[in-house]
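Just one chain is shown here, as structure tokens, and it is the form predicted alone.
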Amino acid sequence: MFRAQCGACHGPGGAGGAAGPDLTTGTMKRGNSDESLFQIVSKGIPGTPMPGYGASAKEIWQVVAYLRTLSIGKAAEQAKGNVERGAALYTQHKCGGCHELRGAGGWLGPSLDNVGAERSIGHLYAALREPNSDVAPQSWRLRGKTKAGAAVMGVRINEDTFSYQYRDARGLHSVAKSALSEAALVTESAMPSYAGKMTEAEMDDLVAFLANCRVGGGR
């Protein structure tokens, strides 16, 4: 679908063409979240050569998924900051309190062991600046209370008709829905925005550090 509908402007491999920008950098000028890409592909960009793609939502999401593959794994090559300074910032801002890296760290956020190979450079910047712009379902949190009055809080791992499975600082747990007096899924990110809390140079350094976090290589 990409080659048929987008390749004439963006190039068959997405590296840019006569009328369309390079889509392999992982940094999108008009938004880096999946939702932003969906809106651009489906509605186009008024006042530009970019038209809307008249297809089903499923097909548009498939195009978005393909766009992500164009830049995944290239973050380390595209990072322009200093990795060592980024490592110091990672410690300074206590990122390990929520994220696991090399066997140490918290449980609230996703593991960063292979984030440099799994996420584009644009996604890393977006996660630091606008963490609520694209929160994956695997990062949603369960917040509730049992009928006995005990608080239930953790990252939802799984859910079926009768129970929730969730993770907290003590490990993995399962709770029957019938045992809960209240329950809600928190779909906002637990991560604060670092926009305005870091200089652009510091942001570049932290992204460079994260981009080099990869299994089998890098930091």
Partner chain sequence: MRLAMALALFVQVAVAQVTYERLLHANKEPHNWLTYHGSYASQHHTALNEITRENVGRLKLNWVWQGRSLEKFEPTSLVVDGVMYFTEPPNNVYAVDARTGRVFWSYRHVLPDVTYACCGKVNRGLAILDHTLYMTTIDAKLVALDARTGKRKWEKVIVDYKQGYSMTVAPLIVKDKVIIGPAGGELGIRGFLAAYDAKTGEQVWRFNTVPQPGEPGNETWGLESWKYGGGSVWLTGSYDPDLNLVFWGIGNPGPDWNAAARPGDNLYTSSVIALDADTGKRKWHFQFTPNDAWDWDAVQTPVLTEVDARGEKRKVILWANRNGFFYVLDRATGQFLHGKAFAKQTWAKGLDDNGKPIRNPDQVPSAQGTVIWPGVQGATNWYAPSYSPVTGLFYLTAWEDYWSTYYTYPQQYEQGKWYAGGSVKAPVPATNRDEVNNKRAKSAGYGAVRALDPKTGNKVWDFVMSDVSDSGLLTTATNMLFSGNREGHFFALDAATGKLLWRRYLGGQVLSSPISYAVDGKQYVTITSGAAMFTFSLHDPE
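Numbering follows the first chain given and starts at 1. Each form is matched to the other, and the largest set of C-alpha atoms that superpose within 1.5 Å is called the rigid core. Computed from a predicted model, the values in this text were never measured in an experiment.
Not pictured, yet referred to below: the form predicted in complex with the partner chain.
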query: Segment assignment from 63-71, 158-166, 35-43, 49-57: heavy atom within 4.5 Å of the partner chain in the predicted bound form; finding: 158-166
query: 4.5 Å heavy atom contact with the partner chain in the predicted bound form for all of M1, D22 and R30; finding: no
query: The partner chain contact at E100 in the predicted bound form, heavy atom, 4.5 Å; finding: yes
query: Any non-hydrogen atom of L108 within 4.5 angstroms of the partner chain in the predicted bound form; finding: yes
query: 4.5 Å heavy atom contact, D134 to the partner chain in the predicted bound form; finding: no
query: H173: touches the partner chain in the predicted bound form, heavy atom cutoff 4.5 angstroms; finding: yes
query: Of R141, R85, R129, H93, the one that lies within 4.5 Å of the partner chain in the predicted bound form (heavy atoms); finding: R141
query: Threshold 2 Å Cα movement between this form and the one not shown at S163, rigid core reference; finding: yes
